[in-house]
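Here we start with a single chain on its own, the form predicted alone, put down as C-alpha cells.
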C-alpha cells in the first residue's frame, strides 16, 4: 500500500481546513431543533436538599409520600439514612438527601416537601478569606506547597525597589445554562439508556453500570449527548444525581428526568477555589524582578485546599512560596475552565503591575523585560512569542499612545485606565479514536464517542476529513455523542480539538492511501503521485477519475478505517501563551466600571477554524469580565448559606457590560507548522488580572480583591 505522509497541508493549499467555516449544526441550535438532555420526556423530579451547612441526619421518613398524588418513585441518596449510631454528616448547604419522581413538577415538589427529616445541627465555617479565624478554630492546614528557590531574603535586601501587598480572588461557581442532569429510561431490567448532559460521553457508562443501585454490565448502558448547554469542567461524572435518576426510572418503570434546580446547580455542581495572598516582590531599578516571597491561602471547600501555582509564568530566580488551606462548609470544588490558572494569574500579574507603579515604569515595559524568565509552556512558547504578542496587543490597544500613570487620566468625570496580564496553558491532545467509513457512492461517515460542548467539534471533524478527501463539508456526515462509538477522551484541559483532529486526519490519510491503491491498479498510474482535490483524484494536475468513481472501486461494502491518537507525528502539539489588555473607565462616585476596549492576542498552533476559535476567545473574555467585576459566591457567615445562588443575584454581565472585544491570533508559519493545540482554557486566564490592573491605573489605588464590585472600588478609594 502506498504510504502517504501524515501532516497538515501547507497553509495556502487548504480549501476547507484552516478556514472560518460556520458551524454545521448552527441551524439546529438557533432554531431549537437541537435536542438537549432536558428535551427528553420523563417523570418530573424534585430534590430534597439540606438547609444546613453542617449537620447530621438523625432520621428520614418517606411514609408521608403514600398520601401525595402522582408520586411514582422516591430515592434516598446513599448513606443519608441513619444506620444504627452512624449518622450521615452534611458538610455544605444544598447536599442532596432524597429525590421524588412524580407526574407533574408540582406533585414532585409536594412529595419532596412531605418527607420528614430531622437534623442535628453542627457548627459551620464559611469565611474563605479569614485565615486568622480559621486557624483559631483549627480549620487551617498546610497547603500542598512550601518551597524556597535561591536566597529570596538576600535578594530582597539588596533590591532597589521592594513592594508588599495583599491580593485576593473569591470563589465562583459553575452556573451552566443547561443544569447538570439526565433523562434515564430502562429497556427491560438490564439495559439502561441515558440522555446525559456530559463532557465525558465515553467515560460515564461504566460509572452508571458500576453503581450499587444499578449493578448491570457496562455494555448494557447507552449514554448519549447530542448537545450540551455548558460544562466548563464540571460535567465529567455521572454524579450521584445521575445515579438517582436511573434508580428512580427503574423503580417507576418509566423514563425519569432529573436536572438540578438553579440553586442546586450553583451550590453543589462545583466551584472554583479562592486564593488570597500576602506578597513581597523586589526588583532592580531597571525593572528586572529579582525576588518573590508569598504566603497565600484560600479554600476548595471541606477538603481545605487552595491554589499553589504562584508566581505565575514569570518565575524570579529567588522565590519563597507557602500555602495554607482553609476548611469551609461550602460546596465542592470542580475544575472550572483553566483550573487554578486565573487565580494564580490574578495573584501574580497584579503584583507585577503594582511593582511597575512603585518603579514609576509602564507595566508593559516591566512585563517585556521579565518575560524571558517565564516557565511552564516556555519550551513551546519562548520569550519571543510573548514579546511579539505583547507588541501586537499594544498596537491594537494603542497602549503607547494612551498610557498615563496611575490616576492621571480623566474621562468626562470618570477615571480611565489600562491594564494587562499574560498567561500560559498546555493544551496537549487527549486520547481518542474514531472510525471513518467511505461508502461506494463516495459519501463519508465518521464515528467518534466525543462530545461537542459548544466549541464546534462536529464542524472541525468535518473540516479535517473533507480537506483530506478533497470533498465539500456536505459530503461528510459526522456522528458523535454516543458511548457506542469508538471511545474519545473527556472534553477538559483543552484536549478535545487535538484529540479529535489527529485521529480523524490519520484515519482519513490511511483510507485515502487504500483508495489510491485501487485507483492506481484500475487506471495504471503511480499511487504515490495521486492526490484528492475538488471531488476528483488527480495526478500531475490531471484528473484520473472522480472521487465517486474511486470510491466505487471499494466494492459494495465500502471501506472502514480506524484512527487513534495522540501520536508524535506533528499533527498535534502543546504549549501556548497569550496576552490580554483592557481599557476601561471607572465612575469614582458610584464605583461602576465600563469596559471600553478589551484586546486578546493568542497563539494556538495550527488553527482548524478561525471563526470557531474566535468564538471561544470571545466567550472566555466575557467570562473574564464576569469574574473580574461581579461574579462571586457570597456566603452568609451566620447561617452558612450561599445567599446569591440564583441568576438574579449571582451577577453576570449583560450585553451593555461588555464593550468592544478584539481578538487576534498570533500565527506566523512556525505556529501553523506547530500542530493543533487546545484553546478552551487559555483565553479565560488573564482577563481578570488585566481588568484589576486597569482599575488600579484608572483610580490610582489597588482594589486588592477580585471581583472589583462597586463597593470594593469605593472602599479602596476611601482608604487611599
Partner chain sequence: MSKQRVVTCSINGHEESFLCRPRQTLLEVLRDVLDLTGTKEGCSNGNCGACTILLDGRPVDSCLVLAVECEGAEIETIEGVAAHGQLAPVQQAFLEGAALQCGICTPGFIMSTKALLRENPHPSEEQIRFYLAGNLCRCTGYDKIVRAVQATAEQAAAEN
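No experiment lies behind these values; they were computed from the predicted model shown. Residue numbers count along the first chain shown, from 1.
Although it is not shown, the form predicted together with its partner chain is what the next lines describe.
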None of 121, 106, 388, 373 but one has a heavy atom within 4.5 Å of its partner chain in the predicted bound form; the exception is 106
With the partner omitted here, the residue among 588, 619, 534, 426 that in the predicted bound form has a heavy atom within 4.5 Å of its partner chain is 619
Exactly one listed stretch (670-678, 48-56, 691-699, 657-665) reaches within 4.5 angstroms of its partner chain in the predicted bound form by non-hydrogen atoms, and it is 657-665
(Q) Considering non-hydrogen atoms and a 4.5 Å limit, does its partner chain approach residue 614 in the predicted bound form? (A) yes
- Just to confirm, residue 39 within 4.5 Å of its partner chain in the predicted bound form by heavy atoms? yes
Would residue 333 count as touching its partner chain in the predicted bound form under a 4.5 Å heavy atom rule?
-> no
Checklist entry - So in the predicted bound form, does any heavy atom of residue 631 sit within 4.5 Å of its partner chain? => result yes
Looking in the predicted bound form, the residues of 1-31 with a heavy atom no more than 4.5 Å from its partner chain, listed in order, are 22, 23, 26, 27, 29, 30, 31
